Structures are given as structure tokens and as C-alpha cells.
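Take a look at this single chain, the form predicted on its own, given in C-alpha cells.
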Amino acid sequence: MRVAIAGAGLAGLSCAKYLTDAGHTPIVLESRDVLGGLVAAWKDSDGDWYETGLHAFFGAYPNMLQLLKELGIEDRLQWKEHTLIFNQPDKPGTLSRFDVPDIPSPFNVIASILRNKDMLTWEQKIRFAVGLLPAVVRGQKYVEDMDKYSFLEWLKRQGVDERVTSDVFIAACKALTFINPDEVSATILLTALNRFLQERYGSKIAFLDGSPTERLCSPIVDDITERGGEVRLNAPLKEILLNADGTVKGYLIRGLNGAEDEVITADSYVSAMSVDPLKVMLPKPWKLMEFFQKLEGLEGVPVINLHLWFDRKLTEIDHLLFSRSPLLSVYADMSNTCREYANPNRSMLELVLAPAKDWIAKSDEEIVAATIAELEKLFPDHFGGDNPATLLKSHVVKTPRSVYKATPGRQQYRPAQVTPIANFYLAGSYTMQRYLGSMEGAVLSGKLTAQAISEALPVANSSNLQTLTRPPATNAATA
């Protein structure tokens, strides 16, 4: 069966990949000239890459890891030491580590908390460890029920010290959701903690060895096209055309550079766009339906990603770092963490500015200047004195609407992949699946959508469908 998919981000590409596994023929239509959606990357005139976001992969990403394994590219993940590293604002230039020992979970994470000597007192450590227990011992229904609280409210209910929130969870919330603990739904952070605490290597971090566009998205496209599917760039969706009964008749693709518009027809259709453009594209009759009206309860969160090239090495740390800055979320020296970006003499810092709502409209120059002011605190040895580090160049990538803003109460608005329209499906990390808005959530949503289509449109040879529902476990330590 032929399936038309609007959007070549991870959700759309993974959906197409698993549809080809099941014997279907997908055609993926991407409005831009680059693959990846929220993981897109570009090369500048110097040949340097800059990306939509700082993309870290976790051991608790089973669907992503299985996808890489199926594509034969799992060796492109560069696994880092199993630790979480935080800056200490009150001690500029000093790092605090939560080293996770290689023992069964959740004892490994608890041990990392208890062994940390920099950030928390013993009383705070014990309260911290005890407060996290509900995320492990209570079921998914409990986690879902906590959507009525912000994560900060939930922590207070567990008796977790406010310093734990300010020292640990502000950084964690900003890294995972781009908003602060007083804004984010407790369900989202509990889901992440659940995975980190229950899986031995759940919190272990890896980076791709190059740009997500070339090293992750392109192999998926190759897999799709080698088996008869198609992926088209510069194919923006102009309108969803309807039949008299309200089902999809076709996708009207806007012609570019003077070309005529084109109608793409298929047996089924998928929107793998983010929720904000989807709401704009919905046909008027659908907007009257309760299923689609609920989408108004979701909106993307603004995110800013910065790339700063310096004339010297600022750090030798080969890992993700939590800045604990009021402006910045996480950062990494990509010249250390990523093989393709490696440079033994100069640093290229990639940083996430979050929350970004007050900065998204500011100029690149203002954003870079504010970031440099924060870096002066993080790297005092390199920005003080008579010979401070020199910024060689920068790129600022703004995403006004990124993953959905996971505030309390949002779970009830997250739609299923199957819609009331018989031949129309949704894929995207905002749809209902067990992971938050993330790369893992996008890949899982694409799988679920492919499974739903395959169940509705069975083909003669569907022996691969089990792969869609039960990916085998992957050991992140050896991936």
C-alpha cells in the first residue's frame, strides 16, 4: 500500500522505515531542503556544521537504539562515561559529578547521589533518594495522575529539599523540556526518572559522531529508498484535500520556483509535522471535531541553540555538561565529544539557551553577548587577564516552536496516532506515547503509526510487524 507522509523529521522517517519493513510503499514529503526536522543540521561556508539542537542520546532510548541497530549504524554513537556533570555557579570553573557505578539499577543512581561530595548535604541526599522512590515503585497510572502537578509541586509533596530543586532539577528540567520545574508537568520528569532509575544504563549519554542529518537521517532515507520508498525535499504541503465523506483525497504540494502545484495521492496519509503547523493545516471540517480541537491545548516551546568557535581550548571535558546558569541549559564542547567536529587546538561550544521565551525575539548579537557573559563565569581562567579567549565566529539557531510545551495538564491533549479520519494518521513526539517530547518519542511515535497503518492495511508479507511493537533490549554500555 502507498502511504504519503508529510514531514521528514525523525517521526516521519521512522514511520516510513517501519512501513517499508511491513511491505508498504511510503513517500515522505518535506517542506524544507534539509532532512531531520528538529534534528536538522547545516554546513556553513567554512564547512563547519551547526545544528537545530544539542542532541544527546540516552541508554533509556530503546527504540532509537534499536533503529540504529537495524540500520547497522549503532557504532556511530560515541558513548561517554556514565556520569552526570554539573557546573557550580558559586565556585566558577568547578565541576560536580554524579558518577554512576556499574551495578544494578536503581542502586547505581542512588549510589551516585550518595557519593557526590560537592552539591548536597547528607540529609539532602537521603531526602533526594527517598523522594525519588515513588518514580520507581509505583506504576504508570501514578505517573500519569501526577500530570495535575508541576514537577516543583511534586518535589515539595515528597519533602525534597528546595536546594535539591535549585541545584539539580532546574538544570535537568531545562535540559529535558526547555522550561523550569515550576512550569513542567510532573508526569514528564517522572517518566524520564522512571527510565533512568529502572534501567542500568538509562542515564548513560552518547553523542553522534557527526551531524544528525548525515549520520542518522540519511541512512534512514537510504533504507527507505532502497526498498522502493521515496523521500522528497522542497515539497511543502499546501493543503490537505478531502473527499466528500471527509477522508483525505490527496496532499496538495506547493510548486516552487514557478512550478505548478502537485497532488500526491495514496491509500493512507500521515502528518509527521510538529503540532503547531499541523493545527494551521487542518481542513476546516476537521477543526469542528473534538479530537482535533484538543490540539489547541498543545503548543511548541521556543528553543535557541548556539554554536561558538573560539581560538583556543576552553575545556578537555568529553561529555554533556549541565551549566546551572540562569540563561543556559546544557552545553558541550563538540570539538571533544563529536569525532567529525574534533579539533585538538580550538573549542566549539554548542549551548542550549532555555527557557528562551524572553530571548527568541532578540537579535543574534544580543544572544551571543549574553552567552559570552555567562561563559566568563563558567570558564574564568580563559576570559580573565590580559589574553582572554577570542570568539572566532558563531551561529544562532532559533526554533520558535520546538517540542510541545509540557506544562501540567497537557497529557489529556496529546492525541493518539489513529485519528477519527479513516485514512489519516499522526506521528510526532507530541502524540501519546510513553516518552516525552524527544528523539526517542519521535521514533516511537513513528513506529506506532506504522503499526496502526499496517493493522488497517495488511499486506501479504508482514512478518516484520513484531519489530514494530517489541524492540529487543539493547545494552547501552556496549552499543
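Treat the numbers as computed from the prediction; the structure is a model and nothing was measured. The numbering used is simple: start at 1 and walk along the sequence shown.
Note that the form predicted together with a small molecule isn't included here; everything after this is about it.
- Contact check at 4.5 Å (heavy atoms) against the small molecule in the predicted bound form: none of 184, 332 and 406 pass.
- Remark: of stretches 408-416, 450-458, 24-32, 41-49, the one touching the small molecule in the predicted bound form is 24-32 (heavy atom within 4.5 Å).
- Contact check for residue 63: every heavy atom lies farther than 4.5 Å from the small molecule in the predicted bound form.
- Contact check for residue 281: a heavy atom falls within 4.5 Å of the small molecule in the predicted bound form.
- Proximity of residue 273 to the small molecule in the predicted bound form: non-hydrogen atoms within 4.5 Å are present.
- Interface residue remark: residue 16 is not counted as part of the site for the small molecule in the predicted bound form, having no heavy atom within 4.5 Å.
- Comment: the small molecule is not present in this chain, but in the predicted bound form one of 388, 236, 134, 210 has a heavy atom within 4.5 Å of it, namely 236.
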